[in-house]
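Taking the form predicted alone, here's one chain by itself in structure tokens.
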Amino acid sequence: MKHISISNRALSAPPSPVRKLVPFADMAKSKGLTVYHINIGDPDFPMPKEIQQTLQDVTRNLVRIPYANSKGLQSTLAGWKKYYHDVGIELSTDDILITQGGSEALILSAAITMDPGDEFIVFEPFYANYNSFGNLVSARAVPVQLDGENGYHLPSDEEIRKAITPKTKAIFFTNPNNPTGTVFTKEEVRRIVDLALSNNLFLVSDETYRGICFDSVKMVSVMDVASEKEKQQIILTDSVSKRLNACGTRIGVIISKNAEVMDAAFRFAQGRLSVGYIDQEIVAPILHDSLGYLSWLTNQYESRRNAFLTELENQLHISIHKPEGAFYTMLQLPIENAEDFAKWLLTDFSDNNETVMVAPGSGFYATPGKGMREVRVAYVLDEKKLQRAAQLLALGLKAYQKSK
């Protein structure tokens, strides 16, 4: 009998650098070890009290869970509209479609802007799942290198243009950035808009970490600098996951002033039916008034960043890039293979029955060989746990070096 083969798309699907080592973490836990997870952006803060209360209110007398409209519930659409009004961006509900997390918003963006064989620009290191989203539509991520010595800010326009070919259809831009924590300046955001316009490209702006900025740095949206006409080439994606500590609700949004883009998004959305009814209902009210909570949350992350990076620098005796936003940074380590090291921490290392989990850096690059000596860390635990995670990382690094 002839062997049946899966698709080339399936064969080439990249594993997640954040989740691929989870089986090893589970194995470590089964042996009684405590694993400090700084590999993934899954914050440990409780969700806002408003969401907790709404969850109780919504489910108290619920007798059935119906399908939602493919575009989203009116309450959730109105919530997103109000949130964007509060941050100075005016939208109509025609500009908004509710998605299953920011991930689906990005997948829809890829499907709307690209055909098989097309290309899109990414700035590396980049959010690892951009590779996966491109793979789903058989498009290729083309990297433009960011320099850690420059705080991972944008290179020259000339460097970016070198990556643009006749196959390029879009630029994917993350601000504040995951995995570097960089917050791009107003001038940089304007440059990206101009590059998209002058090369007739869509600009997909991932603004999931909007507002989580430190040291008085202000995040500027592409919507803040673009004219109404220019916004026809812009697609914005967002999520409540990080900003409201509601990762598991999977509530995101895709936004565009381009009616053709939004019509395509709606037709794709009809194919997957709808986003969860209860999930939408419980986040809708707080979207109308969330900036106070976000201000508190940002202060908490800034404090965690300072505690974590200070401990890391003391333990590792290195200078670390200080992120301006989000809650990640990339670490350069004196090792040859960060993935081997990350796995080893879970299989061969412990101190007082504790170890730490990090994300190997190579998964945040499209250029072969890049990121082999880097790991991405997320400071999403409380300060004491982060300080202990920093100690474990340093102890593990010393033990790993001796073992090799």
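The model shown is predicted, which means the values in this text are computed figures rather than measured ones. The first residue of the shown sequence is 1; numbering continues from there.
Another form exists, predicted in complex with a small molecule; not displayed. Remarks below refer to it.
The stretch from 274-282, 146-154, 174-182, 78-86 that comes within 4.5 Å of the small molecule in the predicted complex, counting heavy atoms only, is 174-182. With a 4.5 Å cutoff on heavy atoms, Leu106 counts as touching the small molecule in the predicted complex.
Interface residue remark: His321 is not counted as part of the site for the small molecule in the predicted complex, having no heavy atom within 4.5 Å. At the 4.5 Å threshold, heavy atoms of Thr113 stay clear of the small molecule in the predicted complex, well away from it. Although the partner is absent here, Lys169 lies well away from the small molecule in the predicted complex, with no heavy atom inside 4.5 Å. By the 4.5 Å heavy atom rule, the three marked residues Tyr127, Ser239 and Lys242 all count as contacting the small molecule in the predicted complex.
Only one of the listed residues (Tyr209, Phe120, Phe123, Phe308) places a non-hydrogen atom within 4.5 angstroms of the small molecule in the predicted complex, and that residue is Tyr209. Interface residue among Gly72, Gly102, Gly134, Gly325, judged by heavy atoms within 4.5 Å of the small molecule in the predicted complex: Gly102.
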